[in-house]
Structures are given as structure tokens and as C-alpha cells.
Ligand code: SAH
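This document starts with one chain, in the form predicted on its own, laid out as C-alpha cells.
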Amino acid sequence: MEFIKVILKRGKEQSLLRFHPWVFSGAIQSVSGDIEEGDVVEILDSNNNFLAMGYSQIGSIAVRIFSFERVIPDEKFWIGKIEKALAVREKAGLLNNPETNAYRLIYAEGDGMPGVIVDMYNQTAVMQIHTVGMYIIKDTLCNALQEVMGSNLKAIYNKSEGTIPFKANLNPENGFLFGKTDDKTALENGLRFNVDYEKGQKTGFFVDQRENRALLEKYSNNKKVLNLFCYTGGFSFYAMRGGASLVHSVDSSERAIELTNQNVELNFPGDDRHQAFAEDAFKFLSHPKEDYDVIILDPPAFAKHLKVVPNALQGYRKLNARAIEKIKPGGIIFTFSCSQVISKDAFRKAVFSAAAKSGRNVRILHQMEQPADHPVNIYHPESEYLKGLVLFVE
């Protein structure tokens, strides 16, 4: 089978020889034929030596690589990829776990499937595709998922309507690709939650915070807890199971507050320790309703592109400074950044600046990251996006 060939400029093959899975547009010398977004291409160096295979796309990242060997990317090939991804989750203890049936099955470049996210909620797979090449073969991926997961898969929901580049003219629509279910309840560390994969953010829940939520639980006994940017309330109901005396959940979205209340009620029906507020987090923190012992800062990505990094870092400094200023002496702050373009070092410096501005003594108790079902490709540091700190504030 013949594929369009993308020839790199001399010396631009070095990143691919180190197995980095992106080819930038500035590295390309020439293309062998007419190319459209989503085409399978072979990458060659300036001497026509084979380097890799991938999908073309429009933008600064011109090719996303799925193999450093010559392959036919058919259903059998993708079955192999998904089987390897599943094996990683098995090693992490996420399969056949009576306490947890929500996890990330496929994590894009972390699993060699660029642009593809698949989260499992009980026996429903929610697929979100970000690249045209992968979206074109969504039915193949659907078949491959069924083959690998077997009876453990009852439905596949496509949640790609808002993530596929609009210029591709693919007219993506959200909906079930396989099966159908009305059961949107999943389990994490023994706690239940509703998954709003139809209208919610991302795939409906943030499974990447599973281990960090469990850590919060250990710090919550008899504490007054404030969960800012609560979304569906994950940190809130962990704090309640940890014995918190009071939990306040805050999000600017009315829908998020509705989901938070539903999730708290699922686990703690009629419990009056919890109260939710549809309000801007910065505004709420300026005039807190309690003297809080624990504050969680888990905002959405402040920066999605390099050009807005300075503004994002200013946002992290402002948010953390306000929390450090307001928390009770001896309090604990869980603070996060999920911005891929914000490095661990930059985030830590932003928090350091916030602490210095407050004049209070602050110590780091834990440094947090994404869990094993979000594996970081060692050749692709960009796949490491979640970073967090647990602070002790005197």
C-alpha cells in the first residue's frame, strides 16, 4: 500500500530518532503528492530513509505519529494498540476492581493513539477524538474496542462534536456508536457519582484526580473544607467520607452545582454538612463564608497555548495568594494546574510567589501528578499535564 511521503529538512529528523511523536510544519521540506487533513503519511529524512508513520493535520503540528515502523493501520493494528493500553491498566489494578470501575483506557500519545481519549465508566466507553485522522476511522476504533473489551463493554459514546477542528467539515455529532445505556452511575474508590457525558465537560468526569481525591480524604476529618471550581463535586464527597465537619462546593456553573448536589446525595443522602454555591471562585474567596481548614483549588486550564502562559501564571499567583491569605493557621491547601503548557517548575514558582506575597510560612507536604491510567510517554513530555501541591500554611 502506497502512502503520501513527507520529507523532512536536513537535520530535522533528530526528534523522531528520539521517538517524539510530533512533526512540526517548519521541519518539512516537501510532500510527495496532494495531501489532505487526516491522510496517512510516511515520514522520511532528507536522504529518503523511513522514520515513522502518522496522520497529517493543519497547524504547527503537521503530523501526529502512531508508529515508528512501517505498518498497515487497519483494525488489527488498532486492536494491538488497545490491548497494550488495557494491559497497562491491568498492571495499575484498575481492571475487575470492585471499588473502582471508572478509569482512562486510552490516553492519546501516552498510549500511541494521538488525539484519542477513551474513559471507561462502568461498562460504557466515552470516546473523545481531537484529530481528523483518528475521527475518520472512528468506526474502526469502535470495532477494535469491542473486540478487545468483549463482554466488559456495553456501549460506546462519541463525545467529539466540540473537539474536532471545525474547518475539517466533518460535521461530527455526539451520540452512541455502539449499544446504548441509561445508566450513568460509576464507582471510584467505593464512592458513586453520576457521569454527564452528554452535556458535561470533557468525558463527563475528571478521572485523573482519583488518587489526589483519596489523599484529600485523609486530611478532612473534623475539618471545614472549601472546594473551589468543584465541577461535579469529586473532592467534596471524598472530604465528607473523610469526616469533614462542613463542606462548601463552589462553581460558576449552575449545571455543575446541580451535578455536585446529585453526587453528594448519591453518597450521603440528607447530609446537611454540604452546601453548594453557584458563584465565581475568586469572588467567593474574597469574602469566604467560613474560616476554612482545607481549601481545594482545581481550576480549569488557565492556558491552552504558549502565548497566554504569562497571563495564566498571573492567574495562578492571584488565586493561590488569595487562598493562602484566607485559610486558617495550620490549614491545608490542595492546589492544581491542568494546563499542559505550564511546567511543574513554572507552577511551583507561581505558588512560591503567592506564598511570599502573603508573608506566611508555607511548606509543601505532597507533590501530586496524574495517575497511571494517564501514562506519560517518556519521549513526549507534553503528555504530562497535571501537577499539584499540598501546602501546609502556618
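Because the structure is predicted, anything quoted here is derived from the model rather than measured. Sequential numbering from 1, following the sequence displayed.
A second form of this protein, the form predicted together with the named molecule, is not displayed here; the remarks below concern that form.
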**Study point:** Any non-hydrogen atom of Tyr107 within 4.5 angstroms of the named molecule in the predicted complex
**Key:** no
**Study point:** Touches the named molecule in the predicted complex: Arg213 (any heavy atom, 4.5 Å)
**Key:** yes
Review point. Wondering, does Phe206 line up within 4.5 Å of the named molecule in the predicted complex on heavy atoms?
Key: yes
Review point. Does the named molecule come within 4.5 Å of any heavy atom of Pro300 in the predicted complex?
Key: yes
Study note, to complete from the structure: Only hit among Glu147, Glu217, Glu279, Glu258 for heavy atom within 4.5 Å of the named molecule in the predicted complex is Glu279
Practice item. Sort through Gln275, Gln123, Asn189, Ser253 and report the residue having a heavy atom within 4.5 Å of the named molecule in the predicted complex. Key: Ser253
Check your understanding: Where, among 169-177, 292-300, 266-274, 135-143, do residues come within 4.5 Å of the named molecule in the predicted complex by heavy atom distance?
Key -> 292-300
